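As a starting point, one isolated chain is supplied in structure tokens, in the form predicted on its own.
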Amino acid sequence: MSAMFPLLFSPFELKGLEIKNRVFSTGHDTDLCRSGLPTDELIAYQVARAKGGAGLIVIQVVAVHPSALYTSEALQGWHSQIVPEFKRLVDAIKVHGTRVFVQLFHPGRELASRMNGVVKTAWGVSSVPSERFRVVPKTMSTMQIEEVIQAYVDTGMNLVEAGVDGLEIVGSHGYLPAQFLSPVVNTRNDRFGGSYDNRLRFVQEISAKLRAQVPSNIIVGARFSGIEFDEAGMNDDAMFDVCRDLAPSLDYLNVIGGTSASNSGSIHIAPPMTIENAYMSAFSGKLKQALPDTAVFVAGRINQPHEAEAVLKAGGADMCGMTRAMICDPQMPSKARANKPDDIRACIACNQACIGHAQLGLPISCIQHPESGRELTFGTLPEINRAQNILVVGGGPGGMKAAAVAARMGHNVVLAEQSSQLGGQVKLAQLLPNRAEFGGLITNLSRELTQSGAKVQLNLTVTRGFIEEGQFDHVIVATGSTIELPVFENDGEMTVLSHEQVLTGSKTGTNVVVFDWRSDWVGIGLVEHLVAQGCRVRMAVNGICAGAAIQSYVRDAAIARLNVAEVEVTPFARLYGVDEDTVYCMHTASQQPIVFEGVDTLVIASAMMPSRILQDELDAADIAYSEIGDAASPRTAEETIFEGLQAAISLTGSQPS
């Protein structure tokens, strides 16, 4: 029991199964599976969350049928080795007192990937196209539906044999069961379509057949999107009826939001920081009130233990999904239970390395905690031969990470920062509209620094003399980058400002063009900042769309806001020149001119250039150093923090490959 979070750390009993607390990790793709089976990397990843105190882990989706393979590396429920290999995973988790459920999955028409370079035929309830992935599925025959239902059961039986405690039918996010439930998507006229009762039949038959074959102590539940957030999708009233009427055939209902079928709905698969915390608890609470005897789980931006405690106290659910919170800090439950919430590395919902990696076909991680998904490489800090004197120059996120890790390893570490505050470019990023939560990077890394024992010196400009006098064995250069505006024709009449100047208070006129070379969150944030000040803003993007370089859910949410604000966005733009009141660009594909007239200010979200002053000094003095992040090549916070971790670990002489 936790004094601060008594409900969150109270046990929960579900059909005779005791779950030690109310924290669970929802099923989520990790790309840590190979050849249809769990890997040592997946086991290490999930064990880290079990060690960290999660009460329940719901393992990611297992494809129940060959037609359900949504990626080439999806877990395959019919694989001949699924039982022994899954047993390794389940047993490793259960050692730590954590319960294990697993998701049974078929995407139906929501099939985005290619298999062996070829787009496969999607099996759907009806041949109703999917807007987001532009898929026109084939209509499953009644015999094929019955084949898939049996595949759910066969896969479930395999996983029960492997030792799981429960099975979760994935009926959320517009996947196959949701397609049967939808009167828009399900246009069948057999026993699986037409009437409302017929549309429930697919899920009911899966549940009934599972119950008839699995041992009575096995939990059978389902995950549903309480609201799809799409005008063409299922609204909360319709989904409330569905959940209420399916509840008798299930042991629990797991509530989430969104649908894969549309841009507006897919944002909620992994809601970005612009979405309210614990926002699905109103729906789950309504469901719990109507169905007091049915276990209700909920997820959706529940990032901190106090948010989960509030959901439970309000009767919003029995269990709280805190997946990204535990990707960011696997020890989150243990820290909360020990009444140490300030020690928790809080998720900032940037989506860059969790769902962002998954969409790129890369293993899961976290920009703040690169150890996630890399537990076999970075999960345990290596021993050092001797404590060295280490100087880290630059107090941005990479320097902070490097200093904290090196100090935890036992080195004597000094972090020198030229300014009066730590944080580097994050200090600017958090000033942008809808990006304040990104500033959590500074808070979290500052806490790591404090706990590590590294010495921090602010307002210190490092010189060669300082390094030599300090007798440092190694210098980690994390000096970041500086703005360099592009070369363009300019008669000097128009006001031209960098993104940094605008964010630090420089005033613009009322008719502004934002030239966004970066195609990331900076240009979008500048536009929103200026619109809020009453400016007329036009956006010229050096990319295929605004936010082209950022994760799709973050991008799409931002594009939606730009559309609501009626901002004119011109893609494929390269800045060519300006005169008194006109900005000239070139279309990067057609090489034709793009002209913006009636402009009084040009704001440029420009490329950054690495700062190399210190490196040249170190080379001249023959002092050992490594450079990380923007000091080597300007990129994102993910790369600089990862390289900070790598640089610190390399100081043992046994850097992981």
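Numbers follow the displayed sequence, beginning with 1. Every value quoted in this text rests on a predicted model; they were computed, and no experiment measured them.
Not on display, but discussed next: the form predicted in complex with a small molecule.
For the chain shown alone, Gly321 is a contact residue for the small molecule in the predicted bound form, at least one non-hydrogen atom being within 4.5 angstroms. For the chain shown alone, His106 is not a contact residue for the small molecule in the predicted bound form, no non-hydrogen atom being within 4.5 angstroms. Taking the partner from elsewhere, Gly525 is found to have every heavy atom lying beyond 4.5 Å of the small molecule in the predicted bound form. For the chain shown alone, Ile256 is a contact residue for the small molecule in the predicted bound form, at least one non-hydrogen atom being within 4.5 angstroms.
The listed set Val512, Ile327, Leu445, Leu181 contains one residue whose heavy atoms approach the small molecule in the predicted bound form to within 4.5 Å, identified as Ile327. The partner is absent here, but in the predicted bound form a heavy atom of Ile355, alone among Ile355, Ile82, Met494, Leu381, sits within 4.5 Å of the small molecule. This chain is displayed without the small molecule, yet in the predicted bound form the stretch 28-36 from 589-597, 627-635, 28-36, 607-615 comes within 4.5 Å of it by heavy atoms.
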